[in-house]
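Next up is one chain by itself, shown in structure tokens, the form predicted alone.
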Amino acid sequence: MGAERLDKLLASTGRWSRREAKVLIKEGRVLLDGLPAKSAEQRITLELCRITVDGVGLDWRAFTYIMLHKPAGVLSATEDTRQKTVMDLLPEELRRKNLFPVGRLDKDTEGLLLLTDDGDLAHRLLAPKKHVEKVYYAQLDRPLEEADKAAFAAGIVLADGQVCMPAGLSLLGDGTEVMVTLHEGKFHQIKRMIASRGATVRYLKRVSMGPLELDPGLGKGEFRFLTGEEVAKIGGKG
């Protein structure tokens, strides 16, 4: 990449805002090849310069990968003129990075949502032929039974005649709580599959997507960057 302003580079990591980056530079806590940075406006080429902040190397990647615990009531979209989107949950410096959600969760569905600017990765994770596994936890208004597990395994036929791929259904407790494993992503699929068995979904949360699992330490609306190991597991670019 070409030369960029130092404060912009620091903000691109998501750890600091541009204002906070300026303070770090002014306090002499940002070193360029071992020497204190001169100013926030200084233009730097990452490939030619080692940047450290408080002695720690700048964690910068060509692409950004964020795990978000999506809360209910928020759209899985990059923008909307009337309703709050997942992008509104991010700080300003990250909203400028052209991130987008990989797939969608219904407005009232919570859980794991991956945000990135890596279009190739998004395509691989969402491609129908890849059959990436997605696991959901659901609470229902009435219990499901062993016969429902068999129906999911055989492939549910939805009310409009669409045939779903075989899916996993695990019953928890008395059967009013279940885990559903999908390998595709039809519109409102889990709610429609459950409805075909005579029950209604009251709460739905995605807990994993492929090898990526929702961090239990993330509260609703909170996010964190993926670790290098997680990026490698999903096939991202470190």
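Position 1 is the first residue in the sequence shown; the rest follow in order. What you are looking at is a predicted structure, and each value in this text was computed from that prediction instead of being measured.
Quick note: we don't show the form predicted together with uracil (URA), though the next part is all about it.
Requested in this report: Note which of 188, 50, 43, 202 lies within 4.5 Å of uracil (URA) in the model of the complex, where distance is taken over heavy atoms; exactly one does.
Outcome: By the 4.5 Å criterion, the partner-contacting residue is 188.
Query raised in the report: 164, 105, 94, 114: which sits within 4.5 Å of uracil (URA) in the model of the complex by any heavy atom?
Result: Among 164, 105, 94, 114, a heavy atom within 4.5 Å of uracil (URA) in the model of the complex occurs only for 105.
Query raised in the report: Can you say which of 80-88, 164-172, 105-113, 125-133 gets within 4.5 Å of uracil (URA) in the model of the complex, counting heavy atoms only?
Result: So the stretch in question is 105-113.
**Report entry** Residues within stretch 74-96 having a non-hydrogen atom within 4.5 Å of uracil (URA) in the model of the complex
**Finding:** Residues within 4.5 Å: none.
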